[in-house]
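Here you'll find one protein chain in two forms, each presented separately as structure tokens under the names structure 1 and structure 2.
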Structure 1
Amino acid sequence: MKKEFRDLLKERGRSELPAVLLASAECAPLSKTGGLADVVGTLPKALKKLGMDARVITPYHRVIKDKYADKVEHMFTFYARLGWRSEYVGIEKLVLDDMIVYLVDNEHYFGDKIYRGGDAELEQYAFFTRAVLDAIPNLDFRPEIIHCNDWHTAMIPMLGKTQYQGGMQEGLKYLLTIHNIAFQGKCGFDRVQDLLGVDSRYYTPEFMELDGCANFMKGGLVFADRINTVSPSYAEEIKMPYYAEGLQGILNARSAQLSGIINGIDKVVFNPSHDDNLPVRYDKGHLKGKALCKAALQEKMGLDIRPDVPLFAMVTRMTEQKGFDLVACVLDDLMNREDMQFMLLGTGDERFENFMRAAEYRYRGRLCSFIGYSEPLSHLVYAGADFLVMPSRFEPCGLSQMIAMRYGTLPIVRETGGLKDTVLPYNQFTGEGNGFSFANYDAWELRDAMRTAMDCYRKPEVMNGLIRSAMEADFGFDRSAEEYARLYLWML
């Protein structure tokens, strides 16, 4: 244990770091639809290195059952109250890569999609909330802190402090992490009463009411002991109406308990010197392999094999939140005026998918798209591209820019959220930087940033310096874990 943590423990009259239970709708590698799963699947392992017992509780989704059923240990069974319903709960235990995961089993709620959407999803995670709270006293583990993630688990602090008075749940500390405030879990008050039996005195703006609806996220923000989000800049942004999705009032009221911790990436999984998905491996001192990966990517995607042109790439959802409307606005201008290549890996809005298909026809050999997702291909894109484009309207943290830098691919980002916190824009006077950025949500600013990147590409000395700087940046989860450990200690 680091001296810093020994001193903090002594200051608080403790002999050991707190035990933490992370509650989440998904957890990599068991179940994953986005960055939330990566955080929940990586943080406990990083905390363990610090001497902390951190475990996960998550639904026993069908995708987990299909792959890991023979590795789980059944712990206990009970029936949870969900309004007028009495629902089966099985608690299973899985040890995977030194991480202990408790799985909440119910075939009705978790036997299909991770997220069912609409009211069905609301009921899914109301059930999960109740099951977690009822299971806690019976686990072979005594957490002091429950670390909740996004709206799917945001009602755990509220219920723990209002419906479990006198139980151990009331005495626990609750941290709520906001991964994306755009998703809040909204329903009518009759529905939240039907599912969770919330007392009507909490149906007010002081507690969980927002715009005439019950709001799961707001309930969590009111009752959690601490609130954090996944980058310092996003923690400041969500106090403003443009980013807060209506929750700026409670976030400003609780600003003293709100902070941001930047996410990290798994440096073992994302490592160009040991990545089995690459045809050639490389590191910052031997970049010839990166050039060979570029040629392999160009060949695989039907692009002209040209080392002399910059290859811009996106690994993204094609949505306005990810800034794809800006890309669609300037792509033809860039392709017609510049000697460059562009590729995309991802899915999204139908109009943007069709835009990419049409563009691929117009610029065959110079532009391509893979409408879908492939994890091995994404690794090759991160290694083979010269630049990764991320012009997001908002981005709580973002992982792609960190992964790209790990592979020596320079990000081009809008200065928002975690993108602003992780990408140091190129300074033409000092040569410093690990990528490129632009300030306003403006297509022509994106175009200019991409042109600046092209100018650097034509200057090998500048480009190599930026690549080295990007690859030397440390975005591992160890740093994030230390910040979470401090936050947990401050909560006690």
Structure 2
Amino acid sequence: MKKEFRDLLKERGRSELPAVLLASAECAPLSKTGGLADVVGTLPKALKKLGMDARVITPYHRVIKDKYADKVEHMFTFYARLGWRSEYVGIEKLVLDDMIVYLVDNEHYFGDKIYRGGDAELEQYAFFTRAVLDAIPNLDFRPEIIHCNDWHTAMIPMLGKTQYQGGMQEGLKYLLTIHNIAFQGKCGFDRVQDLLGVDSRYYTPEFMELDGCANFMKGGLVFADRINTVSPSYAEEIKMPYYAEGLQGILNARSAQLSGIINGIDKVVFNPSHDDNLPVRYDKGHLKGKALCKAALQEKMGLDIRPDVPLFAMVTRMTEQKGFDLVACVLDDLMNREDMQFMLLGTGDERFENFMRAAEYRYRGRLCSFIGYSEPLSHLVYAGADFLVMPSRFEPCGLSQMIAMRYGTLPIVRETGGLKDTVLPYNQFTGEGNGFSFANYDAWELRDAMRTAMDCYRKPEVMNGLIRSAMEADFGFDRSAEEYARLYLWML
């Protein structure tokens, strides 16, 4: 154990770092729709290296059952109260290589989609909240800290502290990590009463009321012992109305308990020199393999196989957050004037998907999209593209830009949240940088940044310098895990 942690433990009169249970709607590699899964699937492994016992509790989703049913061990069964309902809860245990995961089984709530949307999703995760809190005392593990993630698990601290008096849940410490404040879990208060039996005294602006709705995220922000988000910049941004989605009041009120810890990526899963998804592997000293990956990607996507043309790519959920409207605004202008290729791997908003399908028709051989979700293809895109476009309106942290850099693909980002904290923009005077950036949410600024990238592409010595520094940057999770370990210790 590091001396710093030994000293911190001594100060607190303890011999061990605390045991932590992470509660989350998704966890890679079991279930994933975005970066939340990556973080929850990577943090426990990195904490283990520090000597901590951190485990995960997550729903036993259909996708997990389909793949891991023969590997799980049944632990116990009980019935949880969800208002007037009495619902089956099965707790299963899955030991992955270096991580222990508890799975909450209920075919009715988790037999289908990870997120059902709307009111059905609210009920899904109200159930999960209740199941987690009721299961905690019976686990073969004694956590001291419950680390909740996003609105789906944000009610755990509130209920733990208000409905479990005398139980061990009341004495636990709760950390709430905000991965995305745009999703808050809102409904009428009668629904929260019906599902979770919340007392009407909590339906006030001091507690979980916001703009005439009950708000799960707000309940969590009020009751969690500590709050953090996934980059220092986003921790500052969400105190401002533009980014806070209405929660600036409570976030400013609790700013002393709010901090930012940048995520990392799994350097084993994302490693161009050991990646089974690539036709050829490479590292920063042998970039020939990257050129071969580019040709393989072009061939797979039906693009003209040309090594000399810059290939811009996006790997993304297609939502308002990710800035696709900026891309849509300048794509024709760029495609008509520049010798470039553009590709997208993503799924989401129908109007953006349709835009890409139509553009593909206009620029055959130069532009293409794969509308869907594909982990293996994403690795080939990170390896084969020259630039990753990520002009987010807001970005709590962002993992795609870090993964891209690890594969020597230069990110083009808007300076917001974690993008600002991880991408060092190219400086034409010193040659420093590991990507490109622009400040305002403005399509023409994006176009200029893409043009700067194309200029660099034509200067191999500049381009190679940027690729090298991108690949040398350390975005592993170890640094983040140390910060989490410090935060957990402060909470005790």
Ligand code: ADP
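The structure presented is a predicted model; accordingly, all values stated were derived computationally and were not measured. Start at 1 and count along the sequence of structure 1; that gives the residue numbers used here. The term rigid core refers to the maximal set of C-alpha atoms that superpose within 1.5 Å between the two forms.
Note on provenance: structure 2 matches the form predicted together with the named molecule. When the rigid core is held fixed, the Cα atom of residue 190 travels less than 2 angstroms between structure 1 and structure 2.
Once both forms are overlaid on the rigid core, the distance between the two CA positions of residue 143 between structure 1 and structure 2 is under 2 angstroms. A displacement of 2 angstroms or greater separates the C-alpha positions of residue 349 between structure 1 and structure 2, with the rigid core held in common.
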